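Next up is one chain by itself, shown in structure tokens, the form predicted on its own.
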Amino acid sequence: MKNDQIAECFELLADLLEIQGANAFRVRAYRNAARTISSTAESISDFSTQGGDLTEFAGIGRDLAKQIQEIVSTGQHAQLEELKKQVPSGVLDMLRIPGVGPKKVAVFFNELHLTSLDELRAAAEAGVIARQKGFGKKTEEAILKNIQMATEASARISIAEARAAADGIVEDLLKLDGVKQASAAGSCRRRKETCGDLDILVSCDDSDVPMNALAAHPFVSEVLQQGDTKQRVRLKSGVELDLRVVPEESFGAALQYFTGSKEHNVVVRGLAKDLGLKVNEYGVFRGDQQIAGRTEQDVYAALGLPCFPPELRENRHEFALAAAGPLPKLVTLEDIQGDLHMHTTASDGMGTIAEMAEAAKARGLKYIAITDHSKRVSMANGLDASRLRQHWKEIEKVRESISGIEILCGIECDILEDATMDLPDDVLAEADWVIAVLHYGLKQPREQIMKRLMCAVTNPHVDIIGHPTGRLVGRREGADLNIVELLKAAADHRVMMEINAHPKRLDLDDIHAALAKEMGIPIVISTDSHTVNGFDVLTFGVDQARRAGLTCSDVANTRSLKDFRSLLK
């Protein structure tokens, strides 16, 4: 059982308990446990099965450890299954309504005895919801408008789609007269792989200016709600976006508040309380006096903290880093000197060798590796030994005819289902750069998946494991592998690991990339480009690396080609 599946059990358990009005500390314990488990790179299931002490993990006590062992051994949680019988599934559907959490659902279920979205809709249409304490007419109207969204699977968009929408709208808002500042916030600013909704903050004296502009924006399909300082719209993509207009003196505080994850902000508020201060979206206060809020730097400085890069604000390791000294300088897009994974017309790419090289040079890259597919990927016109050697001769010709960029002869070589490499060793030995990948047989048992990966890691000619799990974000789970065992072997055999920058892959994920960093394994951020415009996705790989806390020294292709070569076997 994977970590996110165990975490999901505890999250659902917390939701059900909160709906039933259980002790708040108990609910919080389950949510903290879920966060710990989902943020852990090591397989909790393996650790438990091998007799590891689960109480070593933060927030996991003896009782929770027993429950984890129960989930791992049986695939179920007895208490969770019992609670599911007590709370109809239609009640849990209510949690998918934007702006509705367990506390509101508890009122619908316990006080109004509503058990489905249809019953909730009828109650709202009859005005019953507005009469409940803590609700009101606006809340009722919002529930009615958003209830349709809950009848469908909750949609999340990729970070590429999220950034395109948020960045485009922010750019247009900044052009308006009177708008002084504008920024995306939330999970989009933290660069999570997917986003459920978007947040944008604006500093402007007249809130009608940005709100009218957003309502008429070509990305927007309809305005869902609008007040004095907040507007909620639905984009044509289906995702919803909140616009908040805040005064200049509070812009930094609002940006900090609406960017950080809930867990990050809980720690921030706790530290403020310890200092006799209060921090919220309006500023940092000593009593009634605002002492900071204009910038994020001011907000964090008032609490004795550095201004954390948005990508780190998840309450994983950022506070420990701050306590240890100055924050490390995270890798940036400008630091990347080479791209070591791309395809040409020799396999399934759309650009020639020369076209890909020129496109890379135009983006400021100093070196690339051409890595077309090996023969197993027949649907992509993969190369056998003879065609590959001829392809490398063509690369050498282009290498001689182009200046300003170095070109390596590489190959993306499949690790076959029988745990052998798709090309013989004598061919791989001639390559400048060998990427080993899993493309087929991703549903094989873990034992066989690991046998295949170890075949590649221990091969003296393999330089890196590309998109190691084979996952597609939101579409396909990765192979069942023991990531810790793989990374230990990679460290022992001097094999690098890839962060595939394509937003559909982003593989390694941020948690596993952070573990690779701990083990001293060099990471390569690559685009897997198939066209001359494919290099544009590099930014998403860098975002993933930043979420993992990676610096230039952790990312191999920030080095010059000469220094990069020194890292190879």
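Residue indices: 1-based, along the sequence shown. Just so you know, these numbers come straight off a predicted model, no measurement behind them.
Quick note: we don't show the form predicted in complex with a small molecule, though the next part is all about it.
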Answer for S250 alone: is it within 4.5 Å of the small molecule in the model of the complex, judged on heavy atom distances? no
Is L487 close to the small molecule in the model of the complex, meaning a heavy atom pair under 4.5 Å apart or at it? no
Closest heavy atom of T352 to the small molecule in the model of the complex, within 4.5 Å or not? no
In the model of the complex, does K262 have a heavy atom within 4.5 Å of the small molecule? yes
Tell me whether R190, C195 and Y257, taken together, all sit within 4.5 Å of the small molecule in the model of the complex, counting heavy atoms only. yes
Per-stretch contact check against the small molecule in the model of the complex, the hit in 392-400, 210-218, 438-446, 180-188 (non-hydrogen atom, 4.5 angstroms): 180-188
The unique member of R269, R234, H317, R96 whose heavy atoms fall within 4.5 Å of the small molecule in the model of the complex: R269
Only one of E140, D199, E296, E311 gets a heavy atom within 4.5 Å of the small molecule in the model of the complex. Which one? D199
